[in-house]
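Below sits a lone chain in structure tokens, taken as the form predicted on its own.
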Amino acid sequence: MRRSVRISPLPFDPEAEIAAFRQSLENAGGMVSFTGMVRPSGQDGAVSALSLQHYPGMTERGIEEMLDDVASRWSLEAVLVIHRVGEMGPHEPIVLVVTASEHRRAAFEAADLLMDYLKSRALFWKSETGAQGRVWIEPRDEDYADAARWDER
């Protein structure tokens, strides 16, 4: 499985990344992508900025270990994970996950597992800035429940 993980403070163009990924495929019959964006509103109202911090090296190792798990579960041709860090404004892309496999089900499930991991278990710290100031954001109970369903498989 070809894999690429990129964590960066630089903005990215999801459509361009997906197009380049698609052009690199040789045998895939299906490709799934998910783009997460900064929501314009949060727990305390309007959001003017979202800030993500990470532990360089350790965050990437965690994602790579998750990709090892994904490769043991499904036969994939390629996986791309791009995650922003730093400060972002509403509607900016935060995360892009793209998976490709011979058959659709593997691509869908792999992308779903990766997003559940990134949302609830990856080493990122998130805060929102709005009218109430800066507020730290924790994963919701639903995020943990989504991730836990993969532990049973």
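It should be emphasised that the depicted structure is a prediction, and the values quoted were computed from it without experimental measurement. From 1 onward, residues are counted along the sequence shown.
One more form of this protein exists, namely the form predicted in complex with a further copy of the same chain; it is left out here, but the text below deals with it.
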Quiz item: At 4.5 angstroms, heavy atoms only, are 18, 37 and 40 all close to a further copy of the same chain in the predicted complex?
Solution: yes
Quiz item: Pick from 85, 70, 63, 28: which has a non-hydrogen atom within 4.5 Å of a further copy of the same chain in the predicted complex?
Solution: 28
Practice problem: Give a yes/no on whether residue 14 approaches a further copy of the same chain to within 4.5 Å in the predicted complex, heavy atoms considered. | Solution: yes
Quiz item: Taking 4.5 angstroms as the cut-off for heavy atoms, does residue 149 touch a further copy of the same chain in the predicted complex?
Solution: yes
Exercise. Scan 87-107 and write down, in order along the chain, each residue with a heavy atom lying within 4.5 Å of a further copy of the same chain in the predicted complex.
Key: 91, 93, 102, 103, 104, 105
